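This document opens with one chain alone, in structure tokens, the form predicted alone.
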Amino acid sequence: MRRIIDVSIITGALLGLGGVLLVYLGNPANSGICVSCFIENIAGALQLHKNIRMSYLRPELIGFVLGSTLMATKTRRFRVRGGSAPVIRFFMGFFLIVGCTVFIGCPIKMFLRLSAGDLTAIAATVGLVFGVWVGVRYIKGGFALPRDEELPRINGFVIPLFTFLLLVFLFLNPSFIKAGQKGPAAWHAPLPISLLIGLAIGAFAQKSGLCITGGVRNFLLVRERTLLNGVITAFLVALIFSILLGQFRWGMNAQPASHLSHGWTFLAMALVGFVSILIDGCPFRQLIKAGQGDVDAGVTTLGMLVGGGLVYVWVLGSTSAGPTFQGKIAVLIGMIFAAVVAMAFRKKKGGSQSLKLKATQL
């Protein structure tokens, strides 16, 4: 157990340091690492939306998946399983991106924004914890998606091979891959450094099982702190280096990529927390699991990628003025969808015990 705790802390330190360092080297302010933003960038690069300012093959996400694959293969933890409600998981991936884009950031960006002094992220943090709490209540009440099963090994390599293909595109720069020359797409750290940071974080995250919502879940359920220690470490390291590198700016007004609609921020991240518990992992964790052969996480990742395109096509994303009407409706639909799924798969017994076992096995 001590070794696992140490790996979680190392992973958290890499995540916090990497997020701040990538901003210092060129990534958007307060967005050194943001799974949802980077998925939207990749969706644009693949022409799933037409916002050229948000189109770039982010090497950090490529590194997360491939780093996870390399570590899982090296440690013989590459296990190919799937078949647990794939269509539901696809739409859950879509709604994860909806919630993130209304807040303007994933759970990782949430604590990076908070560590840089952005107080608008407080409502997001409270909302995420609330969503996790709601999800845990359903788990205790017996919620469980159908069991997955072992699948032919080739299934587990689909997402890693797709990700490797994106890496090839990143270096070859074919004409059908778009990259913006202005705006957030043009703000990026040097490619080799971004890729190496992504690989390191992906590898250690696979080994430790670090998950933002998973850390909160385990603590609320059985007071188990292994993953939460990693999350706290990530925040503290990011806070320290934000101050040292001059990126800390206290306040709410005029913060980068933020808005003051705190109620919708709360609801959007509550949706992210709730969905993450139902499918066993935040957006970051879904990428890591997809890299280690989890086919269900791969389906969720594809749902997130489609969501990364549709949030621009349907204008669901927030701006500094706040969320759009469409974005608000999408968040509410997502909450209804998640609640219906939670109730439909609720059993009378065994839910709490199964999650306790999962928490102690991390």
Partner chain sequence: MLFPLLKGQGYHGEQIVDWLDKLSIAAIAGLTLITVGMLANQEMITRRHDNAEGVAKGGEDSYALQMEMDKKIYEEVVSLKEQGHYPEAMAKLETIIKKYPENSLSYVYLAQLYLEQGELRETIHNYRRAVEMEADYVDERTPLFIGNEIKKLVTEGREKFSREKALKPKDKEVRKALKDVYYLQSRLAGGCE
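Quick caveat, the model's predicted, so the values are computed rather than measured. Positions refer to the first chain, counted from 1.
The same protein also has a form predicted in complex with its partner chain, omitted here; what follows describes it.
Query - Proximity to its partner chain in the predicted complex, single hit among 244, 87, 154, 191 (heavy atom within 4.5 Å) - result: Looking at the other structure, the residue within range turns out to be 154.
Requested in this report: Could you check which residue among 311, 37, 304, 297 gets a heavy atom within 4.5 Å of its partner chain in the predicted complex?
Outcome: Checking each option against its partner chain in the predicted complex, the one that comes within 4.5 Å is 37.
**Report entry** Proximity to its partner chain in the predicted complex (heavy atom, within 4.5 Å), stretch among 42 to 50, 289 to 297, 318 to 326, 333 to 341
**Finding:** Of the options, only 318 to 326 has residues within 4.5 Å of the partner.
Query - Proximity of residue 256 to its partner chain in the predicted complex, heavy atoms at 4.5 Å - result: Output for residue 256 is yes: heavy atoms within 4.5 Å of its partner chain.
Query raised in the report: Closest heavy atom of residue 249 to its partner chain in the predicted complex, within 4.5 Å or not?
Result: Taking the distances in the predicted complex, the answer for residue 249 is yes, it comes within 4.5 Å of its partner chain.
Query raised in the report: in the predicted complex, does residue 83 have a heavy atom within 4.5 Å of its partner chain?
Result: The answer is no: residue 83 has no heavy atom within 4.5 Å of its partner chain.
Query raised in the report: Is residue 212 close enough to its partner chain in the predicted complex to count, meaning some heavy atom within 4.5 Å?
Result: No, no contact at 4.5 Å.
Query raised in the report: Within 69 to 94, which residues come within 4.5 Å of its partner chain in the predicted complex, counting heavy atoms only?
Result: Heavy-atom contacts to its partner chain in the predicted complex: only 73.
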